[in-house]
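What follows is one chain in structure tokens, specifically the form predicted on its own.
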């Protein structure tokens, strides 16, 4: 396969960026970028009480999606639902029962892979807010070309032209923020999958190819997130000691 329009090869990710604790009034916040796709996530809570329809014996989450321009539409509502379910699945919802944590997602730039970028930003913001979590999660987009090859971290123009593509969310090791050593002989948790959203007609073989390539790429994103959180935690500790 030839290089893509932006010069990357099929497996190459766009430059990643992550910073947290960037909004003073939020309990936690993070900025995540993948190339020109940039998302800010802010976390407020946990606040006492749950909304109607939520289980008061568990912590609940609400996600509010704010587009870069214009009003929220059907696609954004779908993103809110997917993001809410993803975040609930990785958090310890029994720790703060009868509370609601709000996650505000602000789109700053959209050049493809917007939902994966928002998921990565939200996870970093939850860490910044100190929300109890089972483990982190990292998300990646995978596209299926006409000839059957797979490309990763899609741009907006690629998403518009591809036969099919998927947004995948993989669990990160519970120890990955501080240590990469597994303490159990069980299969590592990052071998599973949390969320999968596909668009277009994708054959089963193509989907499993996406899973394999996406899981491999998620390891690089996990390592980047781990290093970012470690560095910023060290910086916070240094400022506190001054």
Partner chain sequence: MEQRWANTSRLTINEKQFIEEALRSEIRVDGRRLYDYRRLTIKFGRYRCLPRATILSCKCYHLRFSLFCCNCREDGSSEVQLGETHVMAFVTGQLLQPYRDRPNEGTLAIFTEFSPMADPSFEPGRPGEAAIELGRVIDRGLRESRAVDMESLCVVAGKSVWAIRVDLHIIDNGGNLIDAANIAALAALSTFRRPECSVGGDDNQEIIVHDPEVRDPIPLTIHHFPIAVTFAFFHEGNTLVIDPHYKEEAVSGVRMTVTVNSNGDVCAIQKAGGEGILSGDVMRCLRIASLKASEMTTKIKEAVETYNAEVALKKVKRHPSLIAQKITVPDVEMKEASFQKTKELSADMENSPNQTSTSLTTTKDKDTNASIGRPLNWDPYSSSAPAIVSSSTLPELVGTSKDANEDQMMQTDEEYDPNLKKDQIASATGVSSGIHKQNSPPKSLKDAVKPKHKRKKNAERGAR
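Residue numbers count along the first chain shown, from 1. Keep in mind the model is a prediction, meaning the values are calculated, not measured.
Same protein, other form: the form predicted in complex with the partner chain, not shown, and the subject of what follows.
A heavy atom within 4.5 Å of the partner chain in the predicted bound form is found for exactly one of 194, 38, 211, 202: 38. Mapping the unseen interface onto this chain, residue 162 falls outside it, with no heavy atom inside 4.5 Å of the partner chain in the predicted bound form.
Within 4.5 Å of some heavy atom of the partner chain in the predicted bound form lies at least one heavy atom of residue 42. Not displayed here, the partner chain is kept clear of residue 215 by more than 4.5 Å at the level of heavy atoms in the predicted bound form. Contact between residue 111 and the partner chain in the predicted bound form is found at the 4.5 Å heavy atom cutoff. Stretch-level contact analysis of 118-126, 103-111, 88-96, 164-172 against the partner chain in the predicted bound form, using heavy atoms and a 4.5 Å limit, identifies 103-111.
Along 54-77, residues 64, 66, 67, 68, 69, 70 each place a heavy atom within 4.5 Å of the partner chain in the predicted bound form.
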